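One chain follows as structure tokens, the form predicted on its own.
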């Protein structure tokens, strides 16, 4: 079988996104935790493609960061049309045998199955060019696929040029193509500029292939929504709804209960075990793995984290974390910065963990901030405890040993090392290491001043 390559066109300005960030490309906009172009890459990667080329231009450095690990980055320094964009791949592909699949970087709903069917149709039909089409109820704005009485494609007529009869045609061009690679790059140089704006457009190349008698075929996608472009924020929201419905539906078929699918947001790469229950308002974003039999309660956000089996996660925000078995998280906890939680832990109300490792059996039940620290087994962190890890320049690390009891309202100034079997008295500010088996008390002596309240109120003019 001859080799196949793919080209992602991702150089457009995306002016209709109306972004103030001039460094951000349209294809970098987020859709359920993945950039638009990332969804397209994910659809291409399972296919037997030798090399993926991504053409970048406006906001190209942003796009480059997204795609560089999965594709060759090709620059279109001046945006002179889609045909001109493909020309930028000539140093890599011109003269080579095989096929080239051309897709748009702003079509995040396209599936591997539809792309593979398009390629299979091209190869089985021995076509020089195969165009992905769709049948729609309202074809306004799309190029119409004009055919003769034998069903052969004779032209693609754009909306602005279509006559009344052509405007009735419901078969449209979706903008996905498979070319004989050698013929593609041989004839790109013959493209005439668009008389209106001087651009070199790939639709002109399609016209040339038809007029010169090349073998041009079509393949019709079953679901038009797969080919939808994302040109503005409204279309981005529409794509999010469609993708969200598709993802949630598959998880439910796999044995996951999603109580309110319309208000549950799950990234494509998320893995969820059977008999897990997802309540309303949950966000599962990025590289998330959730085991079997969990309950993820309402309004929880979990990002780039791993959760074991049969946990009860309540109204939490968990980011870049790894959770073991039989933990209790939340409500209103916030875990981030590659936090790792062992087994049988309790992370309770309004507890924030940042870059923390909790060993088995650690409890931090209320109103606590722990940052840049390791806490060993069976240690209890009292209410209102703070690890002050940042001195204005550097974030320091603290290590708390096993079986430690940290009293409520304590502050540990990093870096400190707390040994095993230590008691820290409530209200202490700990600035020095504490040896194993000791008790640390770090409070200033309390002084009461009789009558001082009236003196102070008079001084500030309130009495």
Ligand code: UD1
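Keep in mind it's a predicted model, so treat the numbers as computed, not measured. The term rigid core refers to the most C-alpha atoms you can superpose between the two forms while keeping them within 1.5 Å. Positions refer to the first chain, counted from 1.
Keep in mind that the form predicted together with the ligand is not shown, yet the notes after this line are about it.
Undergrad: If contact means any heavy atom within 4.5 Å, which of 198-206, 317-325, 291-299, 237-245 contacts the ligand in the model of the complex?
TA: Of the options, only 198-206 has residues within 4.5 Å of the partner.
Undergrad: Each of 26, 105 and 142 near the ligand in the model of the complex, meaning some heavy atom within 4.5 Å?
TA: Yes.
Undergrad: Would you mind picking the one in 379, 181, 133, 76 that has a heavy atom within 4.5 Å of the ligand in the model of the complex?
TA: Of the listed residues, the single hit is 76.
Undergrad: Counting any non-hydrogen atom inside 4.5 Å, which residue from 215, 111, 260, 231 sits next to the ligand in the model of the complex?
TA: None of the others qualify; the residue that does is 231.
Undergrad: Does any part of residue 85 reach within 4.5 Å of the ligand in the model of the complex? Heavy atoms only, please.
TA: Yes, contact at 4.5 Å.
Undergrad: Against the ligand in the model of the complex, would residue 389 count as a contact residue? Criterion: heavy atoms within 4.5 Å.
TA: Flag for residue 389 set to no.
Undergrad: Would you please decide whether residue 127 lies within 4.5 angstroms of the ligand in the model of the complex, comparing each non-hydrogen atom pair?
TA: Outside the cut-off, so no.
Undergrad: Can any non-hydrogen atom of residue 80 be found within 4.5 angstroms of the ligand in the model of the complex?
TA: It does: once the ligand is placed as it appears in the model of the complex, residue 80 has a heavy atom within 4.5 Å of it.
Undergrad: Examine residue 161 after superposing the rigid core and state whether its CA is displaced by 2 Å or more between this form and the one not shown.
TA: The answer is yes; the displacement is at least 2 Å.
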